[in-house]
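Presented as structure tokens, the chain that follows is alone, the form predicted on its own.
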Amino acid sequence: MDEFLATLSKEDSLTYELSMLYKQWGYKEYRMAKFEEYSFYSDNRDFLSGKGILAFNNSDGRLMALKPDITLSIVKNAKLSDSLTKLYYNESVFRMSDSSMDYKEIKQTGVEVLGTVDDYLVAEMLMLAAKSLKTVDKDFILSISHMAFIPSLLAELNIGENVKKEIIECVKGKNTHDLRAICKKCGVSSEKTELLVNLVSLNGKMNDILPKLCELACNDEMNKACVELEFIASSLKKSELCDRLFIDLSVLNNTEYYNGIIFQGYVEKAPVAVLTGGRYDKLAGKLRENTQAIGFAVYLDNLNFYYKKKREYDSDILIIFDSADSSVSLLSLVESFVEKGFSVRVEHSIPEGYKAKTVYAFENGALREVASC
């Protein structure tokens, strides 16, 4: 199996390995249609991370869209039951690139759970997220946040929505200098300002930071969040992945859709998050009444670039033959090699830059080994 995975690109090998991981944890594969009505995505545009929606007219005149998001489609279309709906997927989304402003295909794999989300399920989701990151690269970090902290504190302040947005941007950028200036300008008390600054400044391994975070909790929402985080920390304490879990409250998502735990995953060679996820009861409840949900996605599209595989050989065997030699035995010889587990390529001449472990010339119905390439 390792030899087989070594022949695949990083993207393809991860698709296979992550699918196997999710199956082992009881998740079922979900396949979705390529298209949804444009209005469905337009109505939930704020949930989408991309700027544009690629649309076209269907044969019946309806305006359709190539899906810019998978979570929305799953919440809308997945079959629900009294038990949990636990799904994994390997799909593509179509979004506008921030750099080129062109649409691009982005391949994702991930998991979504619909139903009643309890503390155990949150811990399981974080475990799977960490295992997914480890599959990408053993050197990874999973940054964990909770929507109860910064948003609940901002709700207590007598400030406008535009000011809250400015503060949230400061929080995301860990810009405590401008954060203090905005709070001072808007008359936020020094006590609340310093609490905001302290929350934003907390960053480190979960087991180290959690006690400090709980000391700063100042309302019921924060206290409940601390209980949830303490359960997660205790559940994952014996895992080898525990040291890779970090608390970082600068990780924030749209409060109209997300609640509870949210997280982002990073690996050594990629400059941006390769995994994002969290709990989104507000979105799920909007589309499916009385439904809770949590999930994450792994972004595979750029991993081939960051994790380039260096293969010693393009194939085990390269066979060179003259097309004038019409011997019928060549195909049988190739098949016999393949059945023994070898990879084989047949050519009229050696392709430029091609490397094979063994090179044969096919002459007069037989193989003759020649210099390798």
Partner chain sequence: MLNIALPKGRLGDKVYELFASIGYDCSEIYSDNRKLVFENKENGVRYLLVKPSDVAIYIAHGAADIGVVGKDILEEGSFDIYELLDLNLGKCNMCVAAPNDYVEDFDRPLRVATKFVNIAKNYYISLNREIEIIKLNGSIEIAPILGLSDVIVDIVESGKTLQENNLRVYEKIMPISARLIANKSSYKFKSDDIETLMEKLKKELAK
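Not measured: the values here are computed from a predicted model. Residue numbers count along the first chain shown, from 1.
One more form of this protein should be noted, the form predicted together with its partner chain, which is absent from this view; the next part is about it.
The stretch in contact with its partner chain in the predicted complex, judged by heavy atoms within 4.5 Å, is 268-276, chosen from 116-124, 76-84, 212-220, 268-276. Checking Y257, Y88, F140, F94 against its partner chain in the predicted complex, a heavy atom within 4.5 Å turns up for just one residue: F140.
Checked against its partner chain in the predicted complex, the candidates K192, K174, K184, R288 yield a single residue with a heavy atom inside 4.5 Å, and that residue is K174.
Using a 4.5 angstroms threshold between heavy atoms, S250 counts as touching its partner chain in the predicted complex.
Residue contact check for E156: none of its heavy atoms lie within 4.5 Å of its partner chain in the predicted complex.
Taking the partner from the other structure, its partner chain in the predicted complex has no heavy atom within 4.5 Å of any heavy atom of E230.
Of the heavy atoms in D301, none are within 4.5 Å of its partner chain in the predicted complex.
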